[in-house]
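Given as structure tokens, the chain that follows is alone and in the form predicted alone.
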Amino acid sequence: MRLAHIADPHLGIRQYHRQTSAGVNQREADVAAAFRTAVDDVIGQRPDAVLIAGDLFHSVRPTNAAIVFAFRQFQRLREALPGAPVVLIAGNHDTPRSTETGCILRLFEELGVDVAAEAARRFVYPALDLSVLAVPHQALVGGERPALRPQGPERHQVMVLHGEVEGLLPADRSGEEYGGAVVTLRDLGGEGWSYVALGHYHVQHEVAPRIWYAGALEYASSNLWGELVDERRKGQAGKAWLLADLATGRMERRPVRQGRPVVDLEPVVAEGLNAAALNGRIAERIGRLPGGIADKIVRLCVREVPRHVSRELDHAAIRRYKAEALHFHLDLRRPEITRETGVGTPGRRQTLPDLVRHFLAHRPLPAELDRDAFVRLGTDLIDAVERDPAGG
């Protein structure tokens, strides 16, 4: 019994401002290409069942183009693997915040996809001796939680769930991106499950034996730089889906080619440098990147930059870097300032972006607004002012 475990495609996401020749946001096209590539590979591997662990779409109301694209990919799966059940659950991104808003995922039931959008559902496949407990985001936040335990006589007991395992995600993650339903390892009840397929955490990770996050198929979070750091810690290169063999417990990482490199250049420490010297260091870091920065997503962090030096940088050159890359983020960080707090304890002063991020993440919003997009827009704007005085 082999299962394909895919998570967090985030179809329909729009980032940056570049478009393809067809007028599609370039990152939306990249994310779609990654999903198509994963579907191609799943068809080639011919697993016994396919699990998609949430956040198929980046928003509750995806565009018509994203819906049609997803429909065609599921249609391909059903036609190529007619005997393999396909189970899809809703994640926090594609779960409506209002009960009046319908869930688009139910559309795929027309293709024979088994969908759990609100309540947990148990799907049984007698021909495979397989039981799948499908637990969407809403089932974990909308009242009494379902019992996350195997049931029935089926030999293969599998659970697919979208949530955040308590204490697992890195401390430097983006809080607004990973604000999902929290579950504990005890909640998951590892004993008795043949496999637990998790979604929500964008970096592939083994939580416990036979309990895995597959990770996202592309860099589609608001904290992709944190994803890169986390992947380096785990010795991973790029994104993938998982092929799980229930008989042996073996997990095979199936890499997915990314649309373009995402590069975090070696940071520059600007302490003691004037603007001319710092311009040279920035140019040197960029020039060292094999193949240059054209059409790539690039960040260069420059630490200990006094305000007057940042104002005197070669902003014309910075604008050229921005025009050449798909996205170039010059992350200028001023020297740390400490102040006395309370009864004299030194503490780090919160930056303006920190304050804005916290305020936007917690203020009440209309149900129809996407909080992640709202927070990201606000923090991107303030970052542009605070850290990138060159503009545009």
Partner chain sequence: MIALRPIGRVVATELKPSTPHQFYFWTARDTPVGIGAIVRVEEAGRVVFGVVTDAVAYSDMMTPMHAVLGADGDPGAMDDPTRRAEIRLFSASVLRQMPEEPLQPVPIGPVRLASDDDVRLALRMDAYTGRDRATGIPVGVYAAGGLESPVYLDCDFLLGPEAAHLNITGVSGLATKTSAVEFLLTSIFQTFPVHKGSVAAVCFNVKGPDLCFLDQPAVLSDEERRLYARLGLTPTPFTDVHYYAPFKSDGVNLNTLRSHEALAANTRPLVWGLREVLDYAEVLLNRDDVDAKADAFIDFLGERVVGRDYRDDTLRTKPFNVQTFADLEEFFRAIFDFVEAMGKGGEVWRTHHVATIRKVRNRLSNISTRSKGLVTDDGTASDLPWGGFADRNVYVVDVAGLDPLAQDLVFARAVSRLREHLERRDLGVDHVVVFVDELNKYASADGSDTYVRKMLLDLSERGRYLGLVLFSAQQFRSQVHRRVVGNAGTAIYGRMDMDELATPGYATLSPATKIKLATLPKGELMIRHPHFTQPIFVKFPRPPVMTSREGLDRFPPATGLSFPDAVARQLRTFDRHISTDGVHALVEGRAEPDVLRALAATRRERPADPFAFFSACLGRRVTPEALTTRRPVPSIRHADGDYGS
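Remember, it's a predicted structure, so these values are computed and weren't measured experimentally. Positions refer to the first chain, counted from 1.
The form predicted in complex with its partner chain exists for this protein as well; it is not shown, and the discussion that follows is about that form.
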- Query: With the partner left out here, if you bring back its partner chain in the model of the complex, are Glu206, Gly226 and Phe328 all within 4.5 Å of it by some heavy atom?
  - Reply: no
- Task: Using a 4.5 Å heavy atom cut-off, state whether Glu28 contacts its partner chain in the model of the complex.
- Result: yes
- Taking heavy atoms only, is Leu111 within 4.5 angstroms of its partner chain in the model of the complex? yes
- Message: Residue-level question: is Ala117 within 4.5 Å of its partner chain in the model of the complex, judged on heavy atoms?
- Response: no
- Answer with yes or no whether Ala283 is in contact with its partner chain in the model of the complex, where contact means some heavy atom within 4.5 Å. no
- Out of 211-219, 234-242, 68-76, 289-297, where are the residues with a heavy atom within 4.5 Å of its partner chain in the model of the complex? 68-76
- Work out which of His156, Arg254, Lys322, Arg121 lies within 4.5 Å of its partner chain in the model of the complex, going by heavy atoms. Arg121
- Task: Would you mind checking 6-30 for residues with a heavy atom within 4.5 Å of its partner chain in the model of the complex?
- Result: Gly12, Thr20, Ala22, Val24, Glu28, Ala29
